[in-house]
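The form predicted alone is given below as one chain in structure tokens.
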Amino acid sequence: MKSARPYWLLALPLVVVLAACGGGGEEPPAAGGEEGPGSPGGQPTGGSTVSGVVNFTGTAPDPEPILMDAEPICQEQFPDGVFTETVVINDNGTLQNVFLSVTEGLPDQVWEVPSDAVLLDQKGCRYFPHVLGVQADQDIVIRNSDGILHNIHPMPTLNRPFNIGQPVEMDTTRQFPTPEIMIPVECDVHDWMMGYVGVVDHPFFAVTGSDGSFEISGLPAGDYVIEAWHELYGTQTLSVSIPEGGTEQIEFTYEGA
């Protein structure tokens, strides 16, 4: 796993997908992004919601530029320069790319795997999104939108790793059957490319985006532990009690140097 690199790039569009083969056609819908996963397809859920923001205080690391001279087709997509995404602070003082999930309190049941795939796109020699959430056994479409050689190399601990070359615009579909937070994903061709995949066995997760907010809906009423994960600043947990049909607001705060 590569060492964490600082990043201050203001929000670029996040496209949610892990790639598959072919270029064209309808893209798989995103899952686990800013809006949360919503209710899982066809299975009963509750009417309660937990939402909030992930704040950032202190001093963030200086942004570290990415040198893409070797790939002009990628470099030309960033006329103002491009930086690593390890730490992305939003204009409102919140933190991007934080993965949130319910870790305690869910009913003892097997949650239906969504039939929709999620997408991780390789575009401009970067992974979009930088942090992806997916349910165990859900299809992940890994897409090469650049039309140059990429090599997708996830390095899980609990799941089986794979290493796949994509020499042209194409998609590759894979799944991770075992919950694991978080799986680093690299490109062996471009050493600056780095992303993460969070795999859970239920649909109750989200990833913060350009305003630092999150929402996890469809929960049954109950007492829960919500975990936040960030690649540099680690994990935090908060407990929350949610009434039936109610919405509870929580806030996480990460602190820089």
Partner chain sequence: MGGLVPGLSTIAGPIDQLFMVVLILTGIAFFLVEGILIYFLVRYRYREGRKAKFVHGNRRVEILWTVIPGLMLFGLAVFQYDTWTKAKIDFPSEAVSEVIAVSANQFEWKATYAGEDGKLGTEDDIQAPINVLHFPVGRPIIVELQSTDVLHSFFIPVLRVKQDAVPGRPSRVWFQAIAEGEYELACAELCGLGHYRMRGFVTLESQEKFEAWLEEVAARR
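Positions refer to the first chain, counted from 1. Note that the structure is a prediction, hence the values are computed from the model and not measured.
We do not show the form predicted together with the partner chain, though everything after this point is about it.
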**Message:** I'd like to check something about D223: if you look in the model of the complex, is any of its heavy atoms closer than or equal to 4.5 Å to a heavy atom of the partner chain?
**Reply:** no
**Prompt:** Is there any non-hydrogen atom of E180 lying within 4.5 Å of the partner chain in the model of the complex?
**Reply:** no
**Asked** Heavy atoms within 4.5 Å of the partner chain in the model of the complex: does N92 have any?
**Response** no
**Asked** in the model of the complex, does P167 have a heavy atom within 4.5 Å of the partner chain?
**Response** yes
**Request:** Look at the candidate spot formed by I148, N163 and V189 and say whether the partner chain comes within 4.5 Å of a heavy atom in all three of them in the model of the complex.
**Result:** yes
**Asked** Hey, of 196 to 204, 62 to 70, 212 to 220, 228 to 236, which bit sits against the partner chain in the model of the complex at 4.5 Å between non-hydrogen atoms?
**Response** 62 to 70
